[in-house]
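Same chain, two versions here, written out as structure tokens and called structure 1 and structure 2.
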Structure 1
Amino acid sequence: MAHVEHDVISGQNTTGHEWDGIKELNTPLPKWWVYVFWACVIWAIGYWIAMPTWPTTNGFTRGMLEYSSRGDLANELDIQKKARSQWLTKLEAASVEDIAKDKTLLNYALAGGKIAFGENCSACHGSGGVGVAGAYPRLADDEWIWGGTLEDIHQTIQYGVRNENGESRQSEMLAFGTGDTLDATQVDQLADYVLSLSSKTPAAGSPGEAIFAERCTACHAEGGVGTKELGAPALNNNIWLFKGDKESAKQGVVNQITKPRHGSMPAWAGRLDAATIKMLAVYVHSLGGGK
């Protein structure tokens, strides 16, 4: 069959094949390539011994180094926790009021709270707490539905509003304008009065005032100042949570009287750790808390 020849020019042998006088050189692979190939094979054997590689009947070989990506993560988190523990233990032990009083702790909490806010809260309340008109309250002002003290904010973040958590803030506004509650004229009069509350001159003596006194003051309080324990917002200002961009202020009030909408907020206890929630409370308070 094959007739191997030595090629003088290249110094290599031929493979012995010949087609119409054309012969093929049998040039060996470059030495460096062959060495790298064998180095890879040896490396692979070392890797099998050192690292988790082979499946077994009840798991896999752990390897001499016992490497584990999840184990590495646990170690890294431990190290991080120790590095932060100086702050975190203080945050966990201190009440939110105490955090606000301690200047260095406050600085740490504000920085941490800002980051946690960006990831967890800004989806609804917007960057920097600007809120969404017609949906989610603005936090960067001094108007608070469920109270703006540090403790109130802390409570709201922990347990949320109108959710499945047993501790969450609960309340429900009744619908007026159906059944035997209020007729359309009365709703109209009431809406006019509610709007006048937010001006400097409430419409005293108007028919709406009487309806308001009878139906609304239990929650929204006299003069429409609101009751924070019930999440009944103040009506004596120009902040309207559920007024959409496209509707007039009056239409917004009428809608809320006849088909009340209720905001809800998830509970964060359990999802975020206690220290992070405290940092958030302090941060949110810094945006406009107080009342």
Structure 2
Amino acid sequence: MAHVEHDVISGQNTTGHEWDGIKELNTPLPKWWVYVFWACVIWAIGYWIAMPTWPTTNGFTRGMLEYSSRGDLANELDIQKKARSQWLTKLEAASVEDIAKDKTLLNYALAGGKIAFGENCSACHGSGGVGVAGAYPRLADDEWIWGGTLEDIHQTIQYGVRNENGESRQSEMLAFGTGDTLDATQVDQLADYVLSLSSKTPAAGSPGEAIFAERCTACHAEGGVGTKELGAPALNNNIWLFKGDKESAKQGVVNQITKPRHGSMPAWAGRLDAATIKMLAVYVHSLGGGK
């Protein structure tokens, strides 16, 4: 049995334990600390009973209060939706052109469209619609593959491009120089002419011009101005979607002539409500000035 002694130096009793001549003082915890400790124990027991706490094989204990942070969020979202409903109803009933003409609706649509763009579109098109070279087109300029009017943009967002939706925009560029009558020399001449168009100095009378007139104007139009209805981009500027960073300008054009790449965009109708799609169309139209 441990022998308790009184330590004359500290004025406290020992615990009776001794190791190698060193005796352990019996120093009890302060009363306030003990009270706080037991208060925390009582609080923890009460919390276990009142709140969702313990996991079970099929879920978790609900607690007497049956509190749910997810339920609180759902309620908050419902309240927010009701507060926004008057604006969303107006947006759903109005065309994108009418929204652009109404200053109040326009401001609301621009604010909502910016949020929706950040949540749904920026992963591909970049923050602010700056695009990704070699993959996704830039939206922060006034060059539009499928047309830049409000309704054009609205339709593209709704149904997307080259996807399984029956209303999506569809077109694919033919591969030249791989099975047709164009040989490598003619492909090279055609690439030179396309580059001359992009530099605003068309090589009139060149072999490439004749090839372009015969093979390319049906889609890209005379002078390479593009055809929005067909999704054929303009070639008379220096905007290249699929040119890789390590490719020369000419090699990029040759690659697209012989092995054309085609982007795809999902249809957002069915994923987003009509009002949100209209807000997106208005916001995207504002990024580059629109048509």
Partner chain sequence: MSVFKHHAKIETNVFFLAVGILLTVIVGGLVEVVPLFTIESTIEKVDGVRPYSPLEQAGRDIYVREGCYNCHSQMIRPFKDEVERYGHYSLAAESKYDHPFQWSSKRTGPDLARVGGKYTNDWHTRHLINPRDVVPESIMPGYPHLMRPLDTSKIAGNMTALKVVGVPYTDEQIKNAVANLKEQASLEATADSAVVQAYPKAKVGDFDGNPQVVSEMDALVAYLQVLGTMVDFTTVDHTKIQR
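No experiment lies behind these values; they were computed from the predicted model shown. Just so we're on the same page, rigid core means the largest C-alpha set that superposes within 1.5 Å between forms. Residue numbering: structure 1 sequence, from 1.
Working through the pair one at a time, identify the form predicted together with its partner chain and give its number. The form predicted together with its partner chain is shown as structure 1.
Relative to the superposed rigid core, does Asp183 relocate between structure 1 and structure 2 - that is, does its Cα move 2 Å or more? After core superposition, the displacement of the Asp183 C-alpha between structure 1 and structure 2 stays below 2 Å, so no.
Displaced residue check between structure 1 and structure 2: Asp142, CA, 2 Å or over, core reference: No, Asp142 moves less than 2 Å.
So, does Ala274 move by 2 Å or more at the CA between structure 1 and structure 2, with the core held fixed? It does not reach a 2 Å shift.
Superpose the two forms on the rigid core and tell me the Cα shift of Thr56 between structure 1 and structure 2 in angstrom. Shift of Thr56 at C-alpha, rigid core superposed: 14.9 Å.
For Lys81, CA displacement between structure 1 and structure 2 after the core is overlaid, in Å: Its alpha carbon moves by 2.6 Å.
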